[in-house]
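One chain comes next, on its own, written as structure tokens: the form predicted on its own.
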């Protein structure tokens, strides 16, 4: 019997150590994961919605969120990213103003051991960890397809977004996928084709004014890359008495764009569910912060690597499906979209 006492004592001591360690672990609070969100701007309604949903999702998952917005200034955005890195974020999420310039922020984050998620806009020429957006070539294809349905031939104007935003290049690529065969065949004449710095409505308005002047107002259709540029183009058309007579595309389903669609001054927009991208990006950021593997459905080349990507599906929205898509999703309220339309013309 005495022979068995010593091993028994050792077992008791070992169990005591294990229980003590477990007890210590239970007493110590788990680390709160911290996500840094660096935003290009909060000037547009769309980005305010992204921020709010992203923040709410991170908080609902027990994380901490720090948000900074650069208001369209590259140097400010890089400085803000450095500040987020210094604050010890576990993951840096960047909505870049300039996809080329923000490669430096990715480099600095990686030097600090922090992974980077590019949100909606690709960051170029760097070892980006993951990219979440919509199929942006598809966005341009949807825009062109809807306008071609309305105007299968004639003089076309293309008003793009910011040349510093890789998405603007993809939107144009998609539009040209649809337009180029028709241009080659002679059905469509592309009489004006310009990007708009910083997605500015006022710049887009000047582009539209120039296009109208150069072509003696003989413009049959306009493909504008988003609702802000569409708004600028609509203003220029309005001054020439052409508003509502020239089909025009948009994107983002901004409240102003949706109102123009139901009022008949804009033909379509492309809805990219902000709830979907903001929620999904927040979830992925938290997974990355925990060190777990993220499942993706695509890759997108950023001129250096094929970036693991999660691409969501955009939807074309016209007057006919406004309620079914935008309002049903809770993005805007029926009474807000149809504010300037007689109630007997509201969708049932």
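Positions refer to the first chain, counted from 1. Keep in mind the model is a prediction, meaning the values are calculated, not measured.
Below: the form predicted in complex with beta-D-galactopyranose (GAL), not depicted.
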property: Touches beta-D-galactopyranose (GAL) in the predicted bound form: residue 260 (any heavy atom, 4.5 Å); result: no
property: Contact test in the predicted bound form: residue 172 vs beta-D-galactopyranose (GAL), heavy atoms, 4.5 Å; result: no
property: Non-hydrogen atom contact residue 158 with beta-D-galactopyranose (GAL) in the predicted bound form at 4.5 angstroms; result: no
property: Residue 272: touches beta-D-galactopyranose (GAL) in the predicted bound form, heavy atom cutoff 4.5 angstroms; result: yes
property: 145, 167, 80, 98 - the one with a heavy atom within 4.5 Å of beta-D-galactopyranose (GAL) in the predicted bound form; result: 167
property: Position in contact with beta-D-galactopyranose (GAL) when the complex is considered in the predicted bound form, options 280, 44, 64, 52, heavy atoms within 4.5 Å; result: 44
property: One stretch from 72-80, 247-255, 230-238, 177-185 that, in the predicted bound form, holds residues within 4.5 Å of beta-D-galactopyranose (GAL) by heavy atom; result: 247-255
property: Within 4.5 Å of beta-D-galactopyranose (GAL) in the predicted bound form: residues from 182-198 (heavy atom criterion); result: none
